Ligand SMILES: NC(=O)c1ccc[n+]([C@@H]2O[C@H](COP(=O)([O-])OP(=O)(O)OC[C@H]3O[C@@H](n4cnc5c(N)ncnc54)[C@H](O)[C@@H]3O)[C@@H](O)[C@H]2O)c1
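Take a look at this single chain in structure tokens; it is the form predicted on its own.
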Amino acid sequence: MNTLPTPSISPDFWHGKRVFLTGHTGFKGAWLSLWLHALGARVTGYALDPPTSPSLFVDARLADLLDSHIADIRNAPLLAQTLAAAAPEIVIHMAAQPLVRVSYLEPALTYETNVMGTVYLLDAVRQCPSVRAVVIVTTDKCYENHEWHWGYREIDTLGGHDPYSSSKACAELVVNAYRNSFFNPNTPGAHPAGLASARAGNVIGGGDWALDRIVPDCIRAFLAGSPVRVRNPHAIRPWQHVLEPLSGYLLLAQRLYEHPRQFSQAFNFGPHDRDAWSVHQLVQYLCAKWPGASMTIDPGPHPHEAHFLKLDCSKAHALLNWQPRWPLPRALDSILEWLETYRSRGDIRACILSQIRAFEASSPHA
């Protein structure tokens, strides 16, 4: 398939588009809400209350910018009613239980949210004729991880060692079944929307306050003046700024809207190999830039986590013309910029918008 000519996220495309975004109160959802608003989209959000305190959703005053509905993705009747009333053209599904450690403590909740939440959303879309594009966000952890040193492709085996990863693999199977059964042009009465899934992980950025994630752990330690406790210093992760995968989701939604049959597939979004740093390297970089910061190793024991996992993103490069824009040091510097704004009680929304504009103006890095 040849690359189609739309080279970047188009404000002309997004201006006035009705977008239904689940998970808008979370870290990634808050960033995407603000970006969509800046592009001129009309956003309806559906999510639980912000999962952390502090939260980027609150600090950036995002409730003022969109039609925000605080509700549970597992409430199928309310979800369907809210989506129908919004009559969206584009649906982006990000609501999830997103933490590996929580999935060990609450596996049933994790499966209910990540699997049945996806089912309920797609069932609601089936009954909503206005929708033309649906992007279901899962994770890089949906693959059966063999700890090999080459990237996983979209055709590789799905799996998952822990309940979180497994639940996201299950969500991918749900997407594939709905795509074949209800969004297939060869099926009588099929819905006309394009349906795709997006796989990304190890996302970092300002405003993430989640527990048991290394960058939020660093931020809390820096603000408290205490050492950063590092659990798995030798684990290697392909880190990427939150704007990287979000740009992929927006590009994918555009393509789906314009060419639903060609782009109703799964896509990986991840960084270049050089941005796969160990946890120790990442913390060391941040500590070197924050006055008085230090780290200490927490010997554990800790629940199982993958040592190494990366994605092959050549499909997104070829078909969506998507490329990473910020190398990891630039991404980490942006987090410290956000942290200084937060520490000095500056304008968080203005800081995030400034970083979005800087990202849009930057070129892909080879």
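Just count from 1 along the sequence shown to find any residue number. Everything numeric here is computed off the predicted structure, so don't read it as measured data.
The protein also exists as the form predicted in complex with the named molecule; that form is not presented, and the subsequent description refers to it.
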query	finding
Of A200, V131, I92, L282, the one that lies within 4.5 Å of the named molecule in the predicted complex (heavy atoms)	A200
Contact residue in the predicted complex, from R231, R126, R213, H272 (heavy atom within 4.5 Å of the named molecule)	R213
4.5 Å heavy atom contact, G29 to the named molecule in the predicted complex	yes
Contact of D72 with the named molecule in the predicted complex (heavy atom, 4.5 Å)	yes
Exercise: T138 in contact with the named molecule in the predicted complex, heavy atom 4.5 Å	yes
D298 within 4.5 Å of the named molecule in the predicted complex, heavy atoms	no
Region of this chain that lies against the named molecule in the predicted complex, out of 313 to 321, 337 to 345, 44 to 52, 58 to 66 [heavy atom, 4.5 Å]	44 to 52
Those residues of 163 to 178 which, in the predicted complex, come within 4.5 Å of the named molecule by heavy atom	Y164, K168
